[in-house]
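This document starts with one chain, in the form predicted on its own, laid out as structure tokens.
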């Protein structure tokens, strides 16, 4: 196939992700998809694509990609030095690519996840109508695994598009550290909720696409709450006996046995995904009504500024 890209360097962890996997959780398969769904959708918006369409998700050290056809691309998410043919380019805007161009995404400076959208459809294996890569079960993407050095990806014909730019007030603010949380099913079983809201937690380096692990340095708090395995969703905050919470993310299991102290409001899931290891985060409980109002506000904001809804 003439339209293709080649990974001269795969980067730390590069996978194909989209927002199209539905109805898989009843079979124990997570939806997977982009960790920062908002940046994923913005990247697609810049190219006039369906917001659910696939992007290439990258983290820490990005890939080096050679384009074998003319197309347009966009890069949104974590702040990174990005180059085309060794010349620095801007993120959060539509970019023109010519056949033979090489995109080089250097080490990420702020945040964790960056998204590359291409104005052409990626040809890859689908599972539950989705290209999203889930490595544990080896489904989606390129043979169900992350992209490797030398991998080539074929794409369908590229589309001509209008040039766009993300308004500055829409771009991610990496200084926000307060995460808003709705009370979870086992909230009332905890005898010391102040422990959870008064303390700052540090993002553990052992965090991954399954879950963000939190640490409270010097914590001696223990929670002995025994439960049967119960359903969990993205954003669920579980508290193991050691008192260090785990925020379940895109590749998490569909059930869990730890008590669910809270569920992160959907407006803040992208935010917590971009907080780097060893950085701090603090939680604030809000009501379900307040969470719904925040979601409605976001919908109106993005509809007004971009003409679309970006909250999933």
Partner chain sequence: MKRDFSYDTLGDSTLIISTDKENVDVIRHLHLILSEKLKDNIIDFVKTPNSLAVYIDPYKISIKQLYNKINTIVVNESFDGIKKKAKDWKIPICYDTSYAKDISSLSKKLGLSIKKIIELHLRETYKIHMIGFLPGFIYLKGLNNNLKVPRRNTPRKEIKAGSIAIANDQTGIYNINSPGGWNIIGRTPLSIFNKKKNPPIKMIEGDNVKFYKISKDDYLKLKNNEK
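Numbering follows the first chain given and starts at 1. Please read all numbers here as calculations on a predicted model, not as lab measurements.
The same protein also has a form predicted together with the partner chain, omitted here; what follows describes it.
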(message) Contact check in the model of the complex: 182, 210 and 292 versus the partner chain, with a cutoff of 4.5 Å between any heavy atoms. Do all three pass?
(response) yes
(message) Counting any non-hydrogen atom inside 4.5 Å, which residue from 34, 245, 30, 63 sits next to the partner chain in the model of the complex?
(response) 30
(request) Would you mind picking the one in 231, 150, 100, 167 that has a heavy atom within 4.5 Å of the partner chain in the model of the complex? (result) 231
(request) Although the partner chain is absent from this view, report whether residue 45 comes within 4.5 Å of it in the model of the complex, heavy atoms only. (result) no
(request) State yes or no: in the model of the complex, is some non-hydrogen atom of residue 303 no more than 4.5 angstroms from a non-hydrogen atom of the partner chain? (result) no
(message) Considering non-hydrogen atoms and a 4.5 Å limit, does the partner chain approach residue 118 in the model of the complex?
(response) no
(message) So, residue 68 and the partner chain: in the model of the complex, are they within 4.5 Å at any heavy atom pair?
(response) no
(message) For the interface check, one of 106-114, 127-135, 75-83, 168-176 should have non-hydrogen atoms within 4.5 Å of the partner chain in the model of the complex; which one?
(response) 127-135
(request) Can you tell me which bits of 17-45 touch the partner chain in the model of the complex, meaning any heavy atom within 4.5 Å? (result) 21, 22, 23, 24, 25, 26, 27, 28, 29, 30, 31, 38
